[in-house]
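Before any questions on how it binds or moves, here is one chain, the form predicted on its own, in structure tokens.
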Amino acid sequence: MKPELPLHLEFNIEGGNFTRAGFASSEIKKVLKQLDVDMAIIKRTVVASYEAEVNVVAHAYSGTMYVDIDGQTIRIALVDEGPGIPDIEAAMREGFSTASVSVREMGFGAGMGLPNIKKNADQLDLSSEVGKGTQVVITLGLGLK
């Protein structure tokens, strides 16, 4: 059964909980498949949302992912409570990472998260305040009828 549009989803993300990292992205993938979205767009959406979700898990105390889908776009907004990003320009460079040693030992924190989000999104808006948190807004076109 196809979900009704417009559609709004919300996911709470717990910082440090790597066992649930990717849950929200998997749910988004299921919905997009039910909507018969082109697989190339699904892949880009899932990569971008997963990278953003893992960034919250790896770097923040908590966060919320808000997903809004209409017939033309998917908008994924992540708002976290965390340390914030002191240098967004540096964070956007491939390989730049502030991940802890323990996060890197789990196979995360290679510094590809934000660059991968940017590569896969049609539009990426990022704002951050040190000591408060970060907001990431990812927009992709869907072109549904």
Partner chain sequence: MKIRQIAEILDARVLCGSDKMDYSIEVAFASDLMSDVLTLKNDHVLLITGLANTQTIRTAEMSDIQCVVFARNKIVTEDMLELARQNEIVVLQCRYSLFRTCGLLYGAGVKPVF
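Positions refer to the first chain, counted from 1. All values reported here derive from a predicted model rather than from experimental measurement.
One more form of this protein should be noted, the form predicted together with its partner chain, which is absent from this view; the next part is about it.
Its partner chain is not drawn, but in the predicted complex it has no heavy atom within 4.5 Å of residue 80. Taking the partner from elsewhere, residue 34 is found to have every heavy atom lying beyond 4.5 Å of its partner chain in the predicted complex. By the criterion of a heavy atom within 4.5 Å, residue 134 is excluded from the residues contacting its partner chain in the predicted complex. Contact annotation for residue 43: at least one heavy atom lies within 4.5 Å of its partner chain in the predicted complex. Across the proposed site, 18, 26 and 116 without exception bring a heavy atom within 4.5 Å of its partner chain in the predicted complex. Residues are counted as partner-facing when one of their heavy atoms sits within 4.5 Å of its partner chain in the predicted complex; in 117-131 only 120 qualifies.
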